[in-house]
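Taking the form predicted on its own, here's one chain by itself in structure tokens.
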């Protein structure tokens, strides 16, 4: 087992990892930017080292500075959290060359699954259903138009190395497709250093279902059930729940077995997520694999009783899984709301600034993962996530009612947050009935925005 781990991240996920390490009797090293000097993860870690300026490229993406900090602190492991360097295969290789264990999957799996075109081809060969579309990068408008006419509109243009909704556009006709192709290629090149894009069928009103994978380095792989991440805005998740109201035991078993097969095809080891789109008729398609811990992992923890960070660390230390598939059972219901420093009434404009009043909700069935405190200054340089509010109940209705109470109790002032939007969603009968799809925000709440 590790004696000291450096957390190459910030915010709530850094706090989350530090807390688990303390429970495992592992010493921790926080790295921080100049903007995060007074952050909670810096206070909680055993040691803390500044790695650069406020902007991410100066600090949390600064590989030489992070490796130097790891060597100075004499750590034997680096946990990347999510975002930043968590899916950077080059960073993994540098860690290995310095005899520091990267607490995540091997570089080969990250590189393979990070290329969405290569990942689709691998899944096709493994017998996993994939969304119809191009099986190679689309180089010009002729290729794009040919694919669109073969599979039919609407289609979606996606960045091969993309994520987070960047380099992605939905198109309903030829004119829109030609325009989107050039825009996505440029955006993908700027965001990911890779301008390759592909075209695939845009499924209308699907659900976004993902399966949590846990795999060790000896080849043992299991899944921990599904999460429903259908409530999204511009491909960014807002609410997640487990289990999904659209997945019964038979479908869970079927998709879960394919998710395990997908992970094995990629020679995967660590925690990871296989993501699917689910149609109303029960058909489903692989869309991507996230080779890291997910933001929404707490809902899986709450219904399985399994600490995913702890398992991730154990696997990285070379331990084999202490669980078999038959040991995994989903008990009750869990829902997560992402509380972001954004103003939904003003086009989700960022809302940085000082939090002067902070009162988290509590009581039975409430969990809050956050790095926020009264007096905390929300910086404008990073992701706007302030907290993850997770509620549990015996049934979905129970978990929703606890969430409504918790949202009413949650006080974060004076900055604007997404709490009012979540209250609106949780008072909507359509959401209560579970009759949702990925266009729910635009269609039901009429919060759509022009491109």
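Computed from a predicted model, the values in this text were never measured in an experiment. Positions refer to the first chain, counted from 1.
Just so it is clear, the following notes concern the form predicted in complex with a small molecule, a form of the same protein that is not shown.
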Give a yes/no on whether residue 158 approaches the small molecule to within 4.5 Å in the predicted bound form, heavy atoms considered. yes
Should residue 230 be classed as touching the small molecule in the predicted bound form when contacts are defined as heavy atoms within 4.5 Å? yes
Considering only heavy atoms, tell me if residue 196 and the small molecule come within 4.5 Å of each other in the predicted bound form. no
Is residue 20 a contact residue for the small molecule in the predicted bound form, using a 4.5 Å heavy atom cut-off? no
From the list 217, 371, 208, 169, which entry has a heavy atom within 4.5 Å of the small molecule in the predicted bound form? 208
Using a 4.5 Å cut on heavy atoms, which of 354, 149, 235, 90 is close to the small molecule in the predicted bound form? 235
Within 4.5 Å of the small molecule in the predicted bound form, do we find a heavy atom from each of 12, 14 and 40? no
Segment that reaches the small molecule in the predicted bound form - one of 197-205, 173-181, 80-88, 330-338, heavy atoms within 4.5 Å: 197-205
